[in-house]
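Given as structure tokens, the chain that follows is alone and in the form predicted on its own.
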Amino acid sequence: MAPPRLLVLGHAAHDLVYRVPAIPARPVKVVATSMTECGGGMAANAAVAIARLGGRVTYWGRVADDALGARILGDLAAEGVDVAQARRVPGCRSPVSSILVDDHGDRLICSFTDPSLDPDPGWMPIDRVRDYDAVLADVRWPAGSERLLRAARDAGRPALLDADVAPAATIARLVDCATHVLFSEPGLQAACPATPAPEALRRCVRAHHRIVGVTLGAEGFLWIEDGAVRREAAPRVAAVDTLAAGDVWHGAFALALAEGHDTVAAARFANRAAALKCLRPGGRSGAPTRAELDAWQG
């Protein structure tokens, strides 16, 4: 049987990753112990995770028509991601992030996306959504995500939202489009401030949702399905680098659903993929292959 086809839409960037003993709490000069460059961005990282785990994946998104944009898309293509429909926008700069990772594996991210990067999603070949077994979109390009998620939902395809931090109105709009809403902890707090996770999830549930959940890092995944609150624990690991772990989780979860697994199995698969990534430095470059994940005893 052929592997499932997935479509991922949203943020792609180039990451400069600096290893530091500790992330400073005040403005100081910091001497990094190492520096690496790799592809980044929520959607792009998820697309690479899907490709490494055996899915066929297409990326839709925007970069500038500059040398960095060519590198961003070239890095994705080298990982087996189809970027033929990605848009190159003239007259602006491609997204870039500078990231500090400390000795505990925690990270601080400073990300730049050029405000002149054209937000119009009219170029997307939206009629092709039926060609895919599932779609995954992030919150970084709301106009594109809204259009894709609505089209996928109307076509009867799983429409997954990676609901990270964004203005509350943006999150609410995109939540209303998706079939599967997958919050980060900060994203859920942005949507429902000062509200315990189970109650916050319940407030977000709509009639068309299959699940609404939140990733909890080392504590696994908490979700609501058929009115019941459920949790799947994550493997316990001594994290080396948490950068891109959430993106790997979302890509793995989307792939597992597209393969026909239920939510419990998909959450278990995604938890293991993200945990194994945390044992490796370098952000996206630490995303595991399917063979590596199958062989891992964690």
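In this text the structure is predicted, and so the values were computed from the model without any measurement. All residue numbers refer to positions in the sequence shown, first residue = 1.
Missing here is the form predicted in complex with another copy of the chain; even so, the following discussion is about that form.
- Stretch from 97 to 105, 122 to 130, 142 to 150, 204 to 212 whose residues place a heavy atom within 4.5 Å of another copy of the chain in the predicted bound form: So the stretch in question is 97 to 105.
- Can all three of 16, 27 and 34 be found with a heavy atom no more than 4.5 Å from another copy of the chain in the predicted bound form? Yes, because 16, 27 and 34 each have a heavy atom that approaches another copy of the chain to within 4.5 Å in the predicted bound form.
- Contact label in the predicted bound form: residue 111 to another copy of the chain, heavy atom within 4.5 Å: Answer yes; at least one heavy atom of residue 111 falls within 4.5 Å of another copy of the chain in the predicted bound form.
- Query: With the cut-off set at 4.5 Å between non-hydrogen atoms, does residue 93 touch another copy of the chain in the predicted bound form?
  - Reply: Yes.
- Item | Non-hydrogen atom contact residue 273 with another copy of the chain in the predicted bound form at 4.5 angstroms | No, residue 273 is distant from the partner.
- Message: Can you tell me if residue 279 lies within 4.5 angstroms of another copy of the chain in the predicted bound form, counting non-hydrogen atoms only?
- Response: Flag for residue 279 set to no.
- The unique member of 57, 42, 53, 63 whose heavy atoms fall within 4.5 Å of another copy of the chain in the predicted bound form: Of 57, 42, 53, 63, the residue with a heavy atom within 4.5 Å of another copy of the chain in the predicted bound form is 42.
- Query: What are the residues of 141 to 172, in order along the chain, with a heavy atom within 4.5 Å of another copy of the chain in the predicted bound form?
  - Reply: Stretch hits: a single one, 164.
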